[in-house]
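Only one chain is given next, in structure tokens, and it is the form predicted on its own.
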């Protein structure tokens, strides 16, 4: 066996597990789901090739309005997560040293030691009519009666930001940690103020972390099911709930598969647009 053949064989053996994983758990299920989405039941156990499932999405206002609402709220949640996570990440990466830095970063990880379901139920306990916040408001005199803080868009947004925070903080801390302090000091020495230094030095350096964090948070938020349904109630109008309804409640796998592909297309389109706007590439972002 020649050296070139041995090298190619070794490379193939190294790539084989990831290729098997991608094909078995990603390519084949999506290919099958696409085929399911392209068929229409015309009789019991009889199907024909059709675009009727996609046409139904566009002709039913509830579906596409829920679709648009989910996209808008996911973008808003991603933006809010970035606005909150950026100063926290900068403080951890550049202002702290030693054990305190590690401790504060660990505090960001603590909520994720339990499942998303438990964290969401925790918010429900805090925000329900007989919950902690309602009792505190009544005790300090800010409310005369129990306050119901669940089942509205603001509560959904709080839950989405909370469940996504870590996935924004980690790439930002990693990127900002590599920023040389001398560059920031030079910016101030050359007459720049805090806003100028932030705009011209800190944000451009952190852009790969910002984009990668936004991509992860947006994808997680767009595909979230538990948080919008539990915190928003039956009227949350989240698109993943529509997909669940078609698959599990109505047993309409054809329409549910079409909805799943529409959600995939939406997420891919918005991520592509975000990369174009920020002039980043996936290689730079994930590197």
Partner chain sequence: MLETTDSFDLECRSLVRRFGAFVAVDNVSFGVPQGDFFSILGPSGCGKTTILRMMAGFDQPTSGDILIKGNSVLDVPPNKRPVNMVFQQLALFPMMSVAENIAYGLVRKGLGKSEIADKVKSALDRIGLPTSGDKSIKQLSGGQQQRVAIARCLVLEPTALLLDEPLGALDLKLREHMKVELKKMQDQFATTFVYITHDQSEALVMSNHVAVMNEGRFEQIGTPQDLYYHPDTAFVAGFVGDSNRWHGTVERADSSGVKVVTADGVSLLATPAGDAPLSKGGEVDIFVRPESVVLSLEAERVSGMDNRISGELISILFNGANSRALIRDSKTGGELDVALPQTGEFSTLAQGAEVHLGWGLAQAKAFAVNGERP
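Numbering follows the first chain given and starts at 1. Values in this document were obtained by computation on a predicted structure and should not be read as measured data.
Heads up, the form predicted in complex with the partner chain isn't pictured, but that's what we're talking about next.
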Of 177, 148, 153, 200, the one that lies within 4.5 Å of the partner chain in the predicted bound form (heavy atoms): 200
Give me the residue from 95, 142, 110, 190 that has a heavy atom within 4.5 Å of the partner chain in the predicted bound form. 190
Is residue 82 near the partner chain? Define near as a heavy atom within 4.5 Å, in the predicted bound form. no
Tell me, yes or no, whether residue 182 is in contact with the partner chain in the predicted bound form, where a contact means a heavy atom of each within 4.5 Å. yes
Determine whether any heavy atom of residue 204 comes within 4.5 Å of a heavy atom of the partner chain in the predicted bound form, and answer yes or no. yes
Does the partner chain get within 4.5 angstroms of any non-hydrogen atom of residue 196 in the predicted bound form? yes
Segment assignment from 68 to 76, 162 to 170, 182 to 190, 134 to 142: heavy atom within 4.5 Å of the partner chain in the predicted bound form: 182 to 190
